[in-house]
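The form predicted alone is given below as one chain in structure tokens.
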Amino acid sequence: MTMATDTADSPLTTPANEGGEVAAPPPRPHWLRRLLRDKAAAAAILLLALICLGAVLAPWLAPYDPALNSRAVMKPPSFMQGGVPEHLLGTDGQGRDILSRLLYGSRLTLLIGLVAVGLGGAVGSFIGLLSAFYARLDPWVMRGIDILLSFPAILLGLALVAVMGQGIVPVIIALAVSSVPDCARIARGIAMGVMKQEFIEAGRAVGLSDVTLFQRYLLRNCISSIMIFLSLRFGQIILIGATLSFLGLGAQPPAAELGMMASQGREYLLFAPHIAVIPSVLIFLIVLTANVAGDALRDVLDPRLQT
């Protein structure tokens, strides 16, 4: 018996294969070519890739130790008046090289964002899919999700960090927990459409177990749309994480983190604005490129937007 449905009616599903199993939706042809055809998206992806590459290669690219103090205190970038060639982007209030701290700081900021999005997306998506799969659980689960959604993400993060204490791990947990409600609601909405398809009823009719239906049919038909949402959520998580570090609840000295660097530089805004402006600009670029890349990825991969 072949469990399949009309793909014209449901772009999230694919026909059954010869073994009677529904495979995950295949990538749309030439999606990478269509993605790179968008000049803004291509520029955003290239810039984000360069930032990530610099973060990964920070131990080899950084000219100085990010925690090393020097006598060149509050030097402006080398291309400005008063700058020194040894420090391309200048130094902070303790004489530490800003370029080196940017490379290590972006490394930590991106790591926090990726881990938080991965944990929050996995837990939230599982809850949302489970709620759609078992209708009797849906009212109870979604009421709990509605309660969590009533709290602003930054407020929820502040509360969790205040309970667990300062540091990188509490911030990651707080960001992951704040991502769970949004991911759960998105995953549930996608899964509800898949659960109405005929191949789910056909699978139950032939006696497939709930585990098989959940893994092979529901999850595979929802995973692409969930990944698109997580790519858009990444920029928001980076911004919230930087905000928590700016408030002194994230990474602690002498570690380098972009939000903390901006916070330390606010004391020198009047006479050395570059100390706070440069890491703030890098946060802006990471969030902007992540959002632009996520929007472009959604446009080329989400079958509901295809005509």
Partner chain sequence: MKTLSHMSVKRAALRTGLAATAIALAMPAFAKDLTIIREIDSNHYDPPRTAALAGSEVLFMLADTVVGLAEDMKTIEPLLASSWEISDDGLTYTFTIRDDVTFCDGKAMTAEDVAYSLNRWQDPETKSPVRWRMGDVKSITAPDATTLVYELNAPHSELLYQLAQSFGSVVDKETVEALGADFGVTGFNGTGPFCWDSWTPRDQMVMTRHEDYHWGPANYENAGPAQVEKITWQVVPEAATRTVALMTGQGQVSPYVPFIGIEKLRMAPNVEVVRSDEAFWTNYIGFKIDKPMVNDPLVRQAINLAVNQEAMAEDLFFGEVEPAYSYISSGALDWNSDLDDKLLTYDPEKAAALLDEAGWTLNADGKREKDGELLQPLAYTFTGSWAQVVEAVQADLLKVGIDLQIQPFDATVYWGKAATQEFDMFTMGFPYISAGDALNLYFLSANMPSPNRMNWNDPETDKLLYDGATAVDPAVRAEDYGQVLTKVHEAAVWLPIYHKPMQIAYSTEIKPFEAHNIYGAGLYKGLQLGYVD
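Quick caveat, the model's predicted, so the values are computed rather than measured. Numbering follows the first chain given and starts at 1.
Another form exists, predicted together with the partner chain; not displayed. Remarks below refer to it.
**Request:** Using heavy atoms only and a 4.5 Å cut-off, determine which of Leu57, Leu68, Ala40, Leu50 is in contact with the partner chain in the predicted complex.
**Result:** After the contact test, the surviving option is Leu68.
inquiry  = So the partner chain isn't shown here. In the predicted complex, which residue out of Met195, Ile228, Val177, Met74 has a non-hydrogen atom within 4.5 Å of it?
reply    = By the 4.5 Å criterion, the partner-contacting residue is Met74.
(Q) At 4.5 Å between heavy atoms, only one of the stretches 276-284, 40-48, 235-243, 248-256 reaches the partner chain in the predicted complex; which one is it? (A) So the stretch in question is 248-256.
Please check if Arg34 has a heavy atom lying within 4.5 Å of any heavy atom of the partner chain in the predicted complex. So Arg34 does not count as contacting the partner chain.
4.5 Å heavy atom contact, Ser224 to the partner chain in the predicted complex: Result no; Ser224 lies far from the partner chain in the predicted complex.
Using heavy atoms and a 4.5 Å limit, would one call Arg188 a contact residue for the partner chain in the predicted complex?
-> Flag for Arg188 set to no.
Arg96: heavy atom within 4.5 Å of the partner chain in the predicted complex?
Answer yes; at least one heavy atom of Arg96 falls within 4.5 Å of the partner chain in the predicted complex.
(request) Counting only non-hydrogen atoms and a 4.5 Å cut-off, give the residues of 157-192 close to the partner chain in the predicted complex. (result) Counting only heavy atoms within 4.5 Å of the partner chain in the predicted complex, the single contacting residue of 157-192 is Gln166.
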